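The chain that follows stands alone, in the form predicted on its own, written as C-alpha cells.
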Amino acid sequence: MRRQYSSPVTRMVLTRIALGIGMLLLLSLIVFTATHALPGDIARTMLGQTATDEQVSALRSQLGLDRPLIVQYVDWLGGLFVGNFGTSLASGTPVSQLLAVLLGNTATLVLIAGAITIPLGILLGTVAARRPGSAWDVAISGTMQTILALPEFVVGILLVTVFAGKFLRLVPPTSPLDPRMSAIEQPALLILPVATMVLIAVPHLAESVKTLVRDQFAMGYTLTARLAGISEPRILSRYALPNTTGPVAQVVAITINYLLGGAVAVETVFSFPGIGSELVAAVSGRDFTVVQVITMGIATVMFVVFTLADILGILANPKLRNRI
C-alpha cells in the first residue's frame, strides 16, 4: 500500500500559497511595467525643463534607466528578495530608510482602526441578524447603508467639519505628525483618521456578518434547536457563530485589506504622513522606485492576510478538519 505523505488539507494550503506567490510574481511584472509607462521623464523632472538632452541622457544612464526593461525588472525583483528596495529617484534616499517611519505610522493607524472595527462590526452584524425586522435591525442596517453610500474622503471631510470646525474644535483638522515621536505618542492626531477608517469599514463588515449569521439561523439545525427549547443566546454561541468562523475570517480579511487600501485616501485627506500619502506623492513625482515598493508591500500584506484567512477557513471546516 502506497504511503500518503500529505493530507488533503496540507495540499490545499500549499496550493493556495503557491497560487498566491504566482499572483505576486505576475503583479510585480504588471506594477513594474505600468510604473515605467507613466507619462513624463523622471530624469527631466529631476533636472528641470532647462536641462539639455545630453544632461538628461547622462542622468538616465547614471540611474540605470537606459538599460533594457527586462534587465531592470530582473535586477529590481532580485533586490526585493534580498531586502534591497533601491533608492528613491526623487530624493536619492534609500527607499527602506524613506519608508521606515511612514510604515510605522500607517501600521499604527490600521491596527488601531482594525482593533475597533472588527469586534464592533461583528457585534453589530450579529445583533442585527438575531431579530430580522426589529428596531435594532432597522436602525443598524439603515445606518450602515447610509454610511456605505459615502466615499472615504466625504466621511473625512464631514468629521473635520463637525469635530474640528470653528464651533467645536475638539481635535486638530489635520494630522501632521511630529517625526521625532511615534504615532502612538500623538493620540490627538490619530482620532479623526482612525474614526474615518472605522466608519467606512464597519458597515461592510457588519452587513456581511449579518448575512452570514442570518443564514445560519435559517438552517434546519437551528430550527430544531429552537423546538427543543434551547435559548437564542445558546443557539448563537454554540451553533450559529462557530459555523460561520470560516466565512467570517474571510470577511475580516477583506476588511483588513479594505482598511489598508482606505489608508491612502484617509492619509491624503488628513495630511497624515504614512505610506498612503507617500504613494500619492511618488506617483505625482513619477518616483516609480517608491511606487513599486509600496505597491508590492501592500499586495504582499494582502496576500498574507487572505492566505491566513483561507487556512483558518479550512481548519474551521469540520469535513476538512477531520481529514488532517
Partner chain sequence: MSGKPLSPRSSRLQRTLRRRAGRTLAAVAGITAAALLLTGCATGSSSSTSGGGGTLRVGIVSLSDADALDPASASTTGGYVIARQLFDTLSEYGTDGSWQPQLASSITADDSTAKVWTVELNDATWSDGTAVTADDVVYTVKRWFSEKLPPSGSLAFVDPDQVVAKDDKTVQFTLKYGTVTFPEAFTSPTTSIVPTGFDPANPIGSGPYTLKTNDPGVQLTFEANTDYFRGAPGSSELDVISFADSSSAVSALTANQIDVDASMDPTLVDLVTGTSGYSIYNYHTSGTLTWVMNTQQKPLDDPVVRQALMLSVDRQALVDQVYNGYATLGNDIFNPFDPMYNSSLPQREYSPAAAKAMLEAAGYSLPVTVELTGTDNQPTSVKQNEALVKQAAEAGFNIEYTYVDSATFYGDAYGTYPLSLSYWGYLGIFDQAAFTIANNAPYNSSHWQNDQYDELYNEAITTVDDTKRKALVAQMQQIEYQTGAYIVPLFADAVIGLSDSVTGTASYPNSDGAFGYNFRILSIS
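Computed from a predicted model, the values in this text were never measured in an experiment. Positions refer to the first chain, counted from 1.
Same protein, other form: the form predicted in complex with the partner chain, not shown, and the subject of what follows.
Chemist: Quick check on this chain: which one of Ala90, Ile112, Leu236, Ile140 has a heavy atom within 4.5 Å of the partner chain in the predicted bound form?
Modeler: Only one option qualifies, and that one is Ala90.
Chemist: With the partner chain left out of view, which of Ile157, Val74, Leu170, Leu150 would have a heavy atom within 4.5 Å of it in the predicted bound form?
Modeler: Going through each option in turn, the one that passes is Ile157.
Chemist: Looking at 196-204, 175-183, 79-87, 121-129, which lies within 4.5 angstroms of the partner chain in the predicted bound form, counting heavy atoms?
Modeler: Going by heavy atoms within 4.5 Å, the stretch is 175-183.
Chemist: Within 4.5 Å of the partner chain in the predicted bound form - does that hold for a heavy atom of every one of Leu189, Thr268 and Arg286?
Modeler: Per the other structure, all of Leu189, Thr268 and Arg286 touch the partner chain.
Chemist: Are any of the heavy atoms in Ala164 no more than 4.5 Å from a heavy atom of the partner chain in the predicted bound form?
Modeler: Taking the distances in the predicted bound form, the answer for Ala164 is yes, it comes within 4.5 Å of the partner chain.
Chemist: Going by a heavy atom distance of 4.5 Å, is Ser277 a contact of the partner chain in the predicted bound form?
Modeler: Residue-level check for Ser277: yes, a contact with the partner chain.
Chemist: Can you tell me whether Pro273 touches the partner chain? I mean in the predicted bound form, with a 4.5 angstroms heavy atom cut-off.
Modeler: Flag for Pro273 set to yes.
Chemist: Would you classify Val101 as touching the partner chain in the predicted bound form, given a 4.5 Å non-hydrogen atom cut-off?
Modeler: Residue-level check for Val101: yes, a contact with the partner chain.
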